[in-house]
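Take a look at this single chain, the form predicted on its own, given in structure tokens.
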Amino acid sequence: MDYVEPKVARNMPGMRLALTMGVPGPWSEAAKEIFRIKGIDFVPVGQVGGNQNKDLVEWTGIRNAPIAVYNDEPPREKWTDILALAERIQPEPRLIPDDPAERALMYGLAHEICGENGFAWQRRLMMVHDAVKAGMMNDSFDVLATDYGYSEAAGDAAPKKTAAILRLLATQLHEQKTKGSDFFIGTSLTALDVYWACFCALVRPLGDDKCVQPMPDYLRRMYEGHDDTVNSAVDPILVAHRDRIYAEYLTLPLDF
């Protein structure tokens, strides 16, 4: 499947999904997989990470990815809104628990992965912090620094915050294992399992043999990182869970 330019996609019907091209951006990968699990066809629209993406902004008012645009409905960029849209269009298979307590737990843990000041947010701060310390700031890092509210203090605090979230997620999986479940919530796949599988790349990216296209070397180095605080918090159960979810439910990253 080839990417469609925003100026072409804006005149097409159905679901259009703007995705970051050439890199396994976790928000983009998760959105793509949620639609695929539900069997919702979409047209992939090209977005360039760290770029102004003028045609995309002219159409949607948004520079980043992912962005889901369904027919004439407003563009959706937040992970919660994209998930809700997918669940409305195709209710089955359910990715949001029906039980209120399980639903609240799922959204809470998913926010710790995807949301503001969550796992991915802190990892982005770490990447900018490393670039600042190495004297390697460029336009792309400047964009990240602005988007994620970077400061020296935020960069210094990010590894500890990242590790705390990793330990929280590992604890949840261990508790589920004692109940005989292989999933984060309940006894079946939820969006939380999908989010973690895709976002795990920010500490343990899949090998190139498990990506349709090789992951750019510079990005692999950034994702893997070398921070002892974070590395010590990557419980093997987190990586094993990622591997199983990919093997049983997801397509491989960078497939177009």
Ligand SMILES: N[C@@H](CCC(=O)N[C@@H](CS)C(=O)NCC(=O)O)C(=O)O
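One-based numbering along the sequence shown. Treat the numbers as computed from the prediction; the structure is a model and nothing was measured.
The protein also exists as the form predicted in complex with this ligand; that form is not presented, and the subsequent description refers to it.
In the predicted complex, none of the heavy atoms of residue 103 sits within 4.5 Å of a heavy atom of this ligand. A residue is said to contact a partner when one of its heavy atoms sits within 4.5 Å of a partner heavy atom; residue 190 fails this definition for this ligand in the predicted complex, lying far away.
Mapping the unseen interface onto this chain, residue 51 counts among the residues with a heavy atom inside 4.5 Å of this ligand in the predicted complex. Within 4.5 Å of any heavy atom of this ligand in the predicted complex lies no heavy atom of residue 60. Stretch-level contact analysis of 105-113, 77-85, 131-139, 169-177 against this ligand in the predicted complex, using heavy atoms and a 4.5 Å limit, identifies 77-85. Three-residue candidate spot 27, 47 and 65; every residue lies within 4.5 angstroms of this ligand in the predicted complex by at least one non-hydrogen atom. Of the residues given (144, 154, 89, 164), 144 alone sits with a heavy atom within 4.5 Å of this ligand in the predicted complex.
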